[in-house]
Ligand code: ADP
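A lone chain, given as structure tokens: the form predicted on its own.
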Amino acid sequence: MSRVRVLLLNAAIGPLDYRVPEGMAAPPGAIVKVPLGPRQVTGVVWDEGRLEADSVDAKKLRPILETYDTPPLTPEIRRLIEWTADYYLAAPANVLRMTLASTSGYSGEKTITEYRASGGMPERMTPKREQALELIGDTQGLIRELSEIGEVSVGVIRGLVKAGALEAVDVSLDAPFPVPDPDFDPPGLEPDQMAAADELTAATRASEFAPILLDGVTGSGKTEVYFEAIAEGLRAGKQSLVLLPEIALTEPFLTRFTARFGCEPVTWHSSLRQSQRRRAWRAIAKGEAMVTVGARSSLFLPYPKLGLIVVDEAHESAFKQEEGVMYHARDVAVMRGNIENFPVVLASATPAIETRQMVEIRRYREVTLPGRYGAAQMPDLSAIDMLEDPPPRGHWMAPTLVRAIEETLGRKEQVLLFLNRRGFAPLTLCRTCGHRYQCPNCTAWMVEHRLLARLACHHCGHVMPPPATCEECGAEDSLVACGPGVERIADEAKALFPEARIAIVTSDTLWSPTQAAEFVRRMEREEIDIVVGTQLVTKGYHFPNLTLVGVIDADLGLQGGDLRAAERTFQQIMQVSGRAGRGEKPGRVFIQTREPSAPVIEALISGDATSFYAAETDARRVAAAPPFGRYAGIVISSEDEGQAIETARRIGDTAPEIDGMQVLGPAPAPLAMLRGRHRQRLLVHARRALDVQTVIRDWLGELDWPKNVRVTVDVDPYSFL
């Protein structure tokens, strides 16, 4: 009898042993269907002795029911799953779930029935049917997907199918993707770009682990340079993966990729339909998808012949997963390159201090692009002291910035106004009694979204219509918006420049690649004069006619005492500044601040990034903060505040006393309530060499807490909320 250990997708159960029936092959890595009680579930056969499980008598073992028709997971991806689970203190099953990310991808089903608008109208038109057809538009998908898009029940969609307003379409789930041509349209690179491209292609050709920082100013052509490494991988028959921090960047990237390689790459992100997801997953697993571009989750997909990973905008905090398995895609990408022996390129105009330090100690190689491509020059940066040059009462743009906008629009050029705050105003209060509107589920203010006529919590998604009267004192028409969001800045711009065509760009308005593509199209056709946006517009976009950037509140990101506050502010403003003057026309950037002498502002204006990063790095070294020390956050949450506090105290009281490690807290988390759960937090601060994962695993493993209390560990945290 053959006995194997199977890792299931259920973290609460863990690995279990099964019997391989006679005549069935189930090698390590095979994706299998197994019985679990009365159910049938999916799992992966694991290597002998690498995962612990309860010992079960051989006679009681249940048989594997089926092995799926898909290639086994390679030993390398299984090692990556183990490493990620161990480093980030996560259940291996939860990491495996990211690898087996398409529930239908490993089944043998070849076609699926989707539905789309037929062009006809039902005889009986109801408001719900009319709403569904309007929202669905030209979208094609499964009945369940269309019901979500149409914001109606599944029954309404089925009724539209029966009435003939939606027609069935058979979709092939395994149609092959086109293969990019490495020699389709090679670019004419400048000498600096060619030297950088030669280094990256040589590393790809060598098939050896090589973490490389591609450090180039905004507009220097980093994308074209790493495209040459992808081309080298294609010639060698290797798969490549490009990680992007934001889904909205996907569409502009696809356009550039298609121009270079003759077809689009395979995409992987949350907006894919189920059939698209299945097709992409199977093509990746079979080694047929030669280039994939995706969000951080695409890092764990089962590429059998991966030869290159590019992490674009590698400094971005969006690569840190804040829920579930709290991994950092940049660091896991480097580990995957190490395990599978290929280069990993970290591309950034403003590399993270952690990455810079790895270059400093020669763990990473650095390739630089010091200047912009062609005739484009870096923009001129100026600070506007809001105390010396204040806006009129009730306004948020200083007179100097307003004059610059007027001049720019007069030349038929485009303007970008940056404020990293969604909505109209961050706080709504009653002018009569002072009552502030707070989310009922979170320790956070409700943000007014005037365009949607709602108050919204940006943490849990709770929404409510703006009340006609104060819920505290009953006063009518007494609510007042405090502070600016992008919608308020757009209103001010519209009042000042009534003829200007204005677009608001945030995650509320650009939540899919299709919408991002429409925004890019309108900008390129110069159908937009002023863009008002959040960090969504700080990276990846190339608009040659955009010559003026105004940073509305440069001090916003410096508040709150975050470890990376100054660094993140520097990165954001440098990135948004990089949108100006990317063509032949010169660019200007005005930074509104009340602290023009702050080191980060002085560094931005002087262009002395080296001194700024040196000072930030020294401060981290003195404080033994990352990358010179280690942090791990322990968050305890419960719907019962008393249980959360009691559990946090027990954890704090039993903290081990180890040389080189201290435990701070417990204390209420800055977001003391999130999604209806009360939260306490401890912070572990340890020297770099300490195996803090083993310490925490042993420490928490000896404790019990109530079932409704949740304890999560965030290794290398980015958010301290």
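Here the structure is a predicted model, which is why all the values come from computation and not from measurement. The numbering used is simple: start at 1 and walk along the sequence shown.
The same protein also exists as the form predicted together with the ligand; that form is not shown, yet it is the one meant from here on.
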| task | Counting only non-hydrogen atoms, choose the one of 596-604, 478-486, 122-130, 215-223 that falls within 4.5 Å of the ligand in the predicted bound form. | result | 215-223
| Does any heavy atom of Thr617 come within 4.5 Å of a heavy atom of the ligand in the predicted bound form? | no
| request: Answer for Arg356 alone: is it within 4.5 Å of the ligand in the predicted bound form, judged on heavy atom distances? | output: no
| task | Answer for Glu190 alone: is it within 4.5 Å of the ligand in the predicted bound form, judged on heavy atom distances? | result | yes
| request: Answer for Arg282 alone: is it within 4.5 Å of the ligand in the predicted bound form, judged on heavy atom distances? | output: no
| request: Scan Arg422, Lys320, Arg273, His542 and let me know which has any heavy atom within 4.5 Å of the ligand in the predicted bound form. | output: His542
| query | Heavy atom within 4.5 Å of the ligand in the predicted bound form: which of Arg205, Arg235, Arg256, Arg649? | reply | Arg256
| query | Taking the ligand in the predicted bound form, which residues along 562-584 bring a heavy atom to within 4.5 Å of it? | reply | Arg582
